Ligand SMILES: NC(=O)c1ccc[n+]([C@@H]2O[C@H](COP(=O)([O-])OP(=O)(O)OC[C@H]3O[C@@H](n4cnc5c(N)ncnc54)[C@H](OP(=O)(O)O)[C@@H]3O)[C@@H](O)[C@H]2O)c1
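Coming up is one lone chain in structure tokens, specifically the form predicted alone.
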């Protein structure tokens, strides 16, 4: 099978399209023929091993896992012994348990892992929204978002931000989306109650207070957004922040008891993917595809993601 392989850390130039043996499912696993996957910020950080301390988990000198890719949608080709939840031919989607392995034509997954049947009638490329929705729902659950809450989402045009707007509306919250001018109509179409063009006005100076502020782009800070929060409000971000400040701010928030900053660590599960399946079936959640690349051109997909200008999902399809 073909796979995008990175034997060393580095820029997208280190990626090579290689032919490697097709995996065989072990007991309790299913073999999936991958039809669609994505490249996101998680993959880009893993490729470059940034921040550096990631190497203590992913491999100090060289990566332990040389095939990246978190999102997948495809077809079950075979099942291992004692695997009973899926049958060959099933159309499935999900998240790789360890955040790697989907940038290949075939992938083995534990059947009790974060994998579910795709909603009927959905195309494969419409089902690879797991990574953005996974992060978004993690933060919204950390906020304990409820119908009477007001949330501001900065960077509401990326994969996480787009999912956060849609899921916030599902939870019944009032949503203010902050995006660039070219994304105003997109944010409105996702259900945002108010849309702010950050290129035309400083969103931190609006005369409004929120229960929660989510930096879905990882490009602002708690100190800049603090004045937007109600006295009991909380801030979270999808990035460590300058000098890793968000980790220390969350620690201080916990010690002081004010809980002004929350920085949850996402954990994938079958329950999460089943939740996403139901949300897609009901129309509460849909994928927004920015660009599509063949697996052979995956390095270009990484380069585009690293511009920080993508809208929604950067899709990789298998030929």
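Positions refer to the first chain, counted from 1. All values derive from a computational prediction rather than experimental measurement.
One more form of this protein, predicted in complex with this ligand, exists but is not displayed; see below.
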property	result
Residue 35: touches this ligand in the predicted complex, heavy atom cutoff 4.5 angstroms	no
4.5 Å heavy atom contact, residue 180 and this ligand in the predicted complex	yes
Exercise: residue 210 in contact with this ligand in the predicted complex, heavy atom 4.5 Å	no
Touches this ligand in the predicted complex: residue 239 (any heavy atom, 4.5 Å)	yes
Heavy atom within 4.5 Å of this ligand in the predicted complex - the one residue of 248, 198, 170, 223 that qualifies	198
289, 45, 294, 67 - the one with a heavy atom within 4.5 Å of this ligand in the predicted complex	45
Contact segment among 228 to 236, 144 to 152, 74 to 82, 182 to 190, judged by heavy atoms lying within 4.5 Å of this ligand in the predicted complex	182 to 190
Partner contacts for 206 to 228, taking this ligand in the predicted complex and a 4.5 Å heavy atom cut-off	216, 217, 218, 219
